[in-house]
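Single chain ahead, written as structure tokens, the form predicted alone.
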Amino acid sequence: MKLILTAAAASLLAVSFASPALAQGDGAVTYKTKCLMCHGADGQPTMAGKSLKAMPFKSPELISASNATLIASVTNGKGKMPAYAGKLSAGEIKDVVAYIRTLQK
């Protein structure tokens, strides 16, 4: 019994310390299902994205934008990009922004 409790406690600790990596993974999954078609796999707009005037994620304007600004853009929409409030949770939007930051490197 003691061994089972020790293993369970170790599993819980491992999951809690792994949460940033899990969030990035969740952000990647959400990005692939909601953003990829316009913003491309690497943050370079696709043909559809270019027709909607999507900016490359490596543009100086988006690199210098705060996380709060990017979260607001995803939440409320910007230009022809639809709003994702009510479609994605606040956590999912935060995870997508974190994933977008990885595409800027």
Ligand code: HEC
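All figures in this text were calculated on a predicted structure; none of them were measured in a lab. Note that residue numbering begins at 1 and tracks the sequence as displayed.
Note that the form predicted in complex with the named molecule isn't included here; everything after this is about it.
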| property | result |
| --- | --- |
| Output flag, A28, I63 and A90 jointly within 4.5 Å of the named molecule in the predicted complex, heavy atom basis | no |
| Residue contact check: K78 to the named molecule in the predicted complex, 4.5 Å heavy atom | yes |
| Touches the named molecule in the predicted complex: L103 (any heavy atom, 4.5 Å) | no |
| Contact flag, T69 vs the named molecule in the predicted complex, heavy atom cut 4.5 Å | yes |
| 4.5 Å heavy atom contact, A41 and the named molecule in the predicted complex | no |
